[in-house]
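Let's start with one chain on its own, the form predicted on its own, as structure tokens.
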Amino acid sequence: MKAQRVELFVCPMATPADTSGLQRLADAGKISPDTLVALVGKTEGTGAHDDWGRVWADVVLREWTGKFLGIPAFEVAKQVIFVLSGGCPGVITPHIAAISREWVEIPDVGLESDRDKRLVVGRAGSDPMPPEEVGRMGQIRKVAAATHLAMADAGLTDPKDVHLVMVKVPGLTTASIKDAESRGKTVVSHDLTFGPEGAGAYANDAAALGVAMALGEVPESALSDEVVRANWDLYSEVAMTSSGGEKRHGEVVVFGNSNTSRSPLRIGHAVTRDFIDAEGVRNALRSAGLRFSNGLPAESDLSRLVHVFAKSVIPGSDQIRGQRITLLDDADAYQIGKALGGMLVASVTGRTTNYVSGGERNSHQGPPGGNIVAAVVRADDAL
């Protein structure tokens, strides 16, 4: 039978159009047209709906990938999933993570259940999402369906083995709003920001609830248009979502662990309790397989750390551990929220090439006040 062998390579980017790191991987034979399954990264820019840095990066990366695969750029999405999050404030280094998946032949026997579980990935695209579905049940259901497909592609059946689901969905633009209204449809919001009533936040949260529905974290019966960005008791502990007006359909990448995998990597996750919870970040590293007790992991531990993915959502309360903060009143709160998350993760990992998205106020990505952190670690016997 065949089993997955997954690798993840992080390439810092000098500009949104910098594909040199990917080219070096290709030249070294570390990725090939047959193994590249996803590109996930942080691009410099505002991170807002009009973040042309992210759009520029998306276009250039699709052109490079099309040439690499030997297909037109418009067909790249059929083979490689793109999840790009804009905005690198503070100490977040712009980067792209290339995820490769090779299928290797293994014996049909010897797959005992106590075998150490290793990383597997699955990918899927959703059906098109017209603007009237953004932030609503239409988007939720289509993300849920794509998540199921991505789980099947990863060979995962138990939601407990899923540690991260990354989703990129369409957002709204002035043009897409006009399109919907010209057809007699309504949209969830005319606010194109990621503010509390912004269409970007609605898109992100509908996507998160789609993941929650797919994994059984929230029953479909509890979901409706009205609960999006309203009922914060409904959330996913593994969904990291973002949106952009350049998208027309959703793209999903599922990361989990399986005892059939032959990958040298493992993934784990945890949830921080608030913006200053470094222990929550350390718990994610422990969940992935780093073994350290109190305090910071040693450099020998961190040498096995491959990558960290984190959300950094602004809490709805102006209190953290009983003390007032002024972040909610700050005009730059969206950027500051990301910067705080980047600093928190970097303070534990000692590196700045961490995927940190967020900035929206409240979210269905994690419990109220908390944020999701996932870590990918190289196994002891893979060094």
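One rule holds for the numbers: they count along the sequence shown, beginning at 1. Please read these numbers as outputs of a predicted model, since none were measured by experiment. The term rigid core refers to the most C-alpha atoms you can superpose between the two forms while keeping them within 1.5 Å.
In what follows, reference is made to the form predicted in complex with another copy of the chain, a form of this protein that is not presented.
- Note on the partner interface in the predicted bound form: the residue among Thr93, Gln79, Ser287, Ser176 having a heavy atom within 4.5 angstroms of another copy of the chain is Thr93.
- When you look in the predicted bound form, the only residue of Ser258, Ser100, Ser189, Asn283 with a non-hydrogen atom within 4.5 Å of another copy of the chain is Ser189.
- Only one listed stretch (236-244, 117-125, 193-201, 151-159) carries heavy atoms within 4.5 Å of another copy of the chain in the predicted bound form, and that stretch is 193-201.
- Within 4.5 Å of some heavy atom of another copy of the chain in the predicted bound form lies at least one heavy atom of Asn294.
- Put simply, Gly350 is close to another copy of the chain in the predicted bound form: some heavy atom of it is within 4.5 Å.
- For the chain shown alone, Pro16 is a contact residue for another copy of the chain in the predicted bound form, at least one non-hydrogen atom being within 4.5 angstroms.
- Remark: Glu279 counts among the residues lining another copy of the chain in the predicted bound form, judged by a heavy atom distance of 4.5 Å or less.
- In sequence order, His49, Asp50, Trp52, Gly53, Val55, Trp56, Val59 are the residues of 49-84 having a heavy atom within 4.5 Å of another copy of the chain in the predicted bound form; the partner itself is omitted from this view.
- In a rigid-core overlay of the protein, His190 has its C-alpha displaced by at least 2 Å between the shown form and the other one.
- After superposing the rigid core, the Cα of Ile177 is displaced by 2 Å or more between the shown form and the other one.
- With the core held fixed, Glu279 shows a CA shift below 2 Å between the shown form and the other one.
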